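Quick setup: one chain, the form predicted on its own, written in structure tokens, and binding and motion questions come after.
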């Protein structure tokens, strides 16, 4: 399978690329970032700007992928600092990907949406078809991207499908998401002996460990179209409070100093998101089921975080 991935230099791509190569896929990446160390040699890495249609068109015309996995985006917290740039990358970029797929006969476009598509005041658990009233530019562009993809499916026959991710946790460099406090507890807890979270200890949003997230993407991409009742699916795993995450880190790093100093702007974003997602459609339609709870994730994550710190030293993710 030939797969073109946009934005693979981010958090998801770090773990996704070796898995795709390992299962025999022919992979090309389109990303503004330079090729990172550790990227599998089999991956073709093309640098470019997703906001310029001619650049993604040129690669799509040459590579002729069967699928495009569209990961490129400016995330929630970062996007609030540069909303116009976030709009261009997230919205114009999605339009350019879908148009490239239409022009060059790409069979499937996979879209990564987010819990940021939701807004405040929803009753838990939050299902797939509730009103979408996001409060961030990131969320606004993801809702628009969902709708635009469904338009291209209805009018141009592109197989458009995707997931609304919870906050994602892995041993990688965070990309400016509002959920980053969780990973920083593990990283700075191990590297520096402590971390001050920018949220309240009782803050709670859905989270997912990256191995589950990647498996969800691959399972949905490979699912028979006839089994799918919709294009975009909620997927869920765990919904711990920030203090419960801190407790999991404390249990594994004796003496670690984890404290809380809520930042009003970022806490407001967290408060606008669901605390529990209803992913029953994903479980019923294509058999989705998460494998990692908080304890299993923490056990698996800690040695990977240590390896990250050992490998990157001072360049390991800094707290934010």
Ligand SMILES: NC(=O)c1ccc[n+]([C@@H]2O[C@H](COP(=O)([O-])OP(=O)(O)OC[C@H]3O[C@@H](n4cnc5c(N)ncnc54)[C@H](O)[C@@H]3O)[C@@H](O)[C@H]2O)c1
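Numbering follows the first chain given and starts at 1. Because the structure is predicted, anything quoted here is derived from the model rather than measured.
Form predicted together with the ligand: not shown, discussed below.
* Looking at the ligand in the model of the complex, is some heavy atom of each of 87, 119 and 274 within 4.5 Å of it? -> Not one of the three qualifies.
* Asked: Does at least one non-hydrogen atom of residue 33 fall within 4.5 angstroms of the ligand in the model of the complex?
  -> Yes - in the model of the complex, heavy atoms of residue 33 and the ligand come within 4.5 Å of each other.
* Interface membership of residue 12, the ligand in the model of the complex, 4.5 Å heavy atom rule -> Contact check for residue 12: yes, within 4.5 Å of the ligand in the model of the complex.
* Answer with yes or no whether residue 197 is in contact with the ligand in the model of the complex, where contact means some heavy atom within 4.5 Å. => Because no heavy atom of residue 197 falls inside 4.5 Å of the ligand in the model of the complex, the answer is no.
* Indicate whether residue 27 is a 4.5 Å heavy atom neighbour of the ligand in the model of the complex. => Residue 27: no contact with the ligand in the model of the complex.
* Pick from 232, 187, 101, 168: which has a non-hydrogen atom within 4.5 Å of the ligand in the model of the complex? -> Flagged contact: 168.
* Between the options 183, 97, 237, 73, which residue brings a heavy atom to within 4.5 Å of the ligand in the model of the complex? -> Filtering the options by heavy-atom distance leaves 73.
* Taking the partner as it appears in the model of the complex, which of 150-158, 240-248, 111-119, 129-137 has residues with heavy atoms within 4.5 Å of the ligand? -> Only one stretch passes the 4.5 Å heavy-atom test: 111-119.
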